[in-house]
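Okay, here we've got a single chain as C-alpha cells, the form predicted on its own, with questions on binding and movement later.
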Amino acid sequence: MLLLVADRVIAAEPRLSEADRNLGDGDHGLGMQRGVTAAREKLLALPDDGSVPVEKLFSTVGLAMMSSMGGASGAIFGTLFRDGGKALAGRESFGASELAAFLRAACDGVMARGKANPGDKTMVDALHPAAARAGEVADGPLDAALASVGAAAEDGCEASKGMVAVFGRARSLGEAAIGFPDAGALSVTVILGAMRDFVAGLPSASE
C-alpha cells in the first residue's frame, strides 16, 4: 500500500507543482517526489516476509521524507507518517480502527509541529476532516472507511480554494490566493486516494 502511495505521489508531481506555483515557489511537487522516492527505497530494503511491524513501515516512510525533502514540507509530511506510525505500535494489522488511530495521531502531530489550524489554507484542511471522518467509521470495513475518508479529504482540499492563506509565501497574496487549492492539501488527497485504491483492489475475505 505504501509503495503505491509513493508511486501515486511521484506521478502527481506535475499537478502538485502547478498547485504550488499558483500560491508559492512551485517546489512542493518535486519535494514530495524526492521524499517518497527515498521512502520507496527504504521500504524495498525491508524484509517482505511480514516480519516488519506496521508501525515501522509508516515510520520508515516518515523518517525518509524528513531526511530527503528538507524544508517545511519535509518536516510536516515526515511528521504525518512518523507520528501516525507511532500510534500503530503493537498493532498486527491495518484496519479501519488503525486508520483512525493513524490519522488522528498524524493530524495532531502536524498541527502541533506546523501550528496550523483548519481554515488556514494548509494540508490540515484536508487532513483534519479526514481524521474526523476516520473516527466516525472506525468500526466498519477498511475499504469503506478509506472511501469515506478519501472523500472527506477531497472535500477539505476543495474548501481550501476559498480560504486566505495564513502561512508561507501564499500569505502575501491575500485574497488573490482565493480560487486555488493548497498544494499540501492536494498531496494529502493523493496519499489517501492511493491507500483507498490499493485496499479496494484487494480480494475480500470471502473470496
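Quick note: we count residues from 1 along the sequence shown, nothing fancier. The structure presented is a predicted model; accordingly, all values stated were derived computationally and were not measured.
The form predicted in complex with ligand ADP exists for this protein as well; it is not shown, and the discussion that follows is about that form.
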property	result
In the predicted complex, segment of 57-65, 44-52, 151-159, 22-30 with a heavy atom within 4.5 Å of ligand ADP	22-30
Heavy atom of Ser73 within 4.5 Å of ligand ADP in the predicted complex	yes
Heavy atom of Ala12 within 4.5 Å of ligand ADP in the predicted complex	no
Contact of Ala183 with ligand ADP in the predicted complex (heavy atom, 4.5 Å)	yes
Partner contact for Val110 in the predicted complex: ligand ADP, 4.5 angstroms, heavy atom	yes
Option touching ligand ADP, based on a heavy atom within 4.5 Å in the predicted complex, out of Gly95, Pro118, Gly135, Gly114	Gly114
In the predicted complex: members of 32-50 within 4.5 Å of ligand ADP, any heavy atom	none
